[in-house]
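Before any questions on binding or motion, here is one chain by itself as structure tokens, the form predicted on its own.
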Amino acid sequence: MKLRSGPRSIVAGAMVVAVLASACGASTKPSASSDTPATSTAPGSSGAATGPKVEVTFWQHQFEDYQQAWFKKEVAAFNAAHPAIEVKYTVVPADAWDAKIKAAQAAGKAPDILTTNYGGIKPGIVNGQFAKLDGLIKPEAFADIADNVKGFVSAKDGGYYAYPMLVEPSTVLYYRKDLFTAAGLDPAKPPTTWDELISDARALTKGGVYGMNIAQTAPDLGWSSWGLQYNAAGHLPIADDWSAPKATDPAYKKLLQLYQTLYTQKLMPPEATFPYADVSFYGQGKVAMTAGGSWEIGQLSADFKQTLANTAVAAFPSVDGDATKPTATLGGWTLTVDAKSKVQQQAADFVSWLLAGDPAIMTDFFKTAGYSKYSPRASVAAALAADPDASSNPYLAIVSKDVLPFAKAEPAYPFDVSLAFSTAIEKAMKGSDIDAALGEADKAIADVIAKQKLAGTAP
């Protein structure tokens, strides 16, 4: 899930910096001795071990299995290199994340460090949830961030409240080349319109294999359809200043019809066995095409190598075939330090070491991710640029050329707005009247605007 900037400005820098970074290989992880000595002074270090270790709690949102393994390895490396600090690492299941965080914050026991998506940073700053990192992390670390990403981790006061780890587009089309051939379709010509997508899905639905897979529950649809909402109507279902709903725009009918046709004509699985962010339906061979984020390249590489060998990647089809219209939003993840943490410096030391330190640490991450994610740091781009392994990756090249340049930023408004619209998509998908569903969404968004006093508050 997810950047906040002008829709095209994100990509301008991402193509030069972020995309290049993930498009090139990785170098060997540095030894513990290559890190800043524990005796250096703040910002960026908490001093040598002169007494009991300072405990820093770090909660990570559960992602792909390889990410948990990578974080665990790096936490161990940090702890070994910093005798004065002990980072306590906890993975929190995605479906329990919100409840667990809210409960911890209410009890005054919030973790010192959190993984935070881009969509949560601006609201978190407004609510005073995050510590200002200026003064805790060296200035050159912030200078290393791509200009188009800096605005997503900073506030109007110019201060930084998060450090970015990666960016990634939310929607890419994956399809089986062998099944295309068997169905009489040309694997070199993936669908480019929604009508073609439906037609190909019909041809591919046979032998116990569904032609298409896409998000189908309101929570998943809430964020995975943002790019397609832009594609259908050129805007999201709320006014730019958040003063009024715009869910009844007739252009959205085509979007809801797409989902309804795929579901009611049984061209997609009837139940969401796996969430949108999990490519297992496709990896297991149960569907011939699937929509998914760029991160799913990494999951296929790690868990479904045989399927990956027969996989091609393309930009998700546009409503009318215009490839310059957005079909994805560009999001990602950061690390933040809790504003009420009593060990902010030590927490910031870990963030700095992991995300803003030796580029070899993060190049190792992008290699581990199968080059399915993209770095916002110029130094990481430079470290990766000469590696032929990533530059020869065909999936990354297509995502970089055909998806990222046209991706939109994720919206900053409360997720309640997204959930109101995605509930309409889910209802229509399962056969409800499309006009009625959009009307209900419009009223629900108006209610959110009124109750949360959103009018005029758009950042």
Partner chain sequence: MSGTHGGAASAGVMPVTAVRRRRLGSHLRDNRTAYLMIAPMVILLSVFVIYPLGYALYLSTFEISFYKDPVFVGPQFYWYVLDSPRFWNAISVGLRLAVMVVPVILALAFLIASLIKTLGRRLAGFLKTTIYLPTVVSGVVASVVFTFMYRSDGGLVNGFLGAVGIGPFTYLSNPAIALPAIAVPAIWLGIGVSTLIMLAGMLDIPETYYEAAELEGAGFLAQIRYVTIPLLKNVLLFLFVTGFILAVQQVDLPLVMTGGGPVDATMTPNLFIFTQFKDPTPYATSFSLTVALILFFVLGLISMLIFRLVRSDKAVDG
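Residue numbers count along the first chain shown, from 1. Values in this document were obtained by computation on a predicted structure and should not be read as measured data.
If you look for the form predicted in complex with the partner chain, you will not find it shown, but the lines that follow are about it.
- Taking the partner from the other structure, the partner chain in the predicted complex has a heavy atom within 4.5 Å of a heavy atom of K430.
- Although the partner is absent from this view, T423 contacts the partner chain in the predicted complex, with a non-hydrogen atom inside 4.5 angstroms.
- Within this chain, Q105 lines the site of the partner chain in the predicted complex, having a heavy atom no more than 4.5 Å away.
- In the predicted complex, no heavy atom of K72 sits within 4.5 Å of the partner chain.
- By the 4.5 Å heavy atom rule, the three marked residues E64, A314 and D402 all fail to count as contacting the partner chain in the predicted complex.
- The candidate stretches are 167 to 175, 366 to 374, 119 to 127, 328 to 336, and the one lying within 4.5 Å of the partner chain in the predicted complex by heavy atoms is 119 to 127.
- When you look in the predicted complex, the only residue of I137, L236, A110, I361 with a non-hydrogen atom within 4.5 Å of the partner chain is A110.
- Contact with the partner chain in the predicted complex, defined as a heavy atom within 4.5 Å, holds for exactly one of Y263, Y89, F78, F180, namely Y263.
- Contacts between stretch 401 to 425 and the partner chain, counted in the predicted complex as any heavy atom lying within 4.5 Å, involve P414, F415, D416, L419, T423, listed in sequence order.
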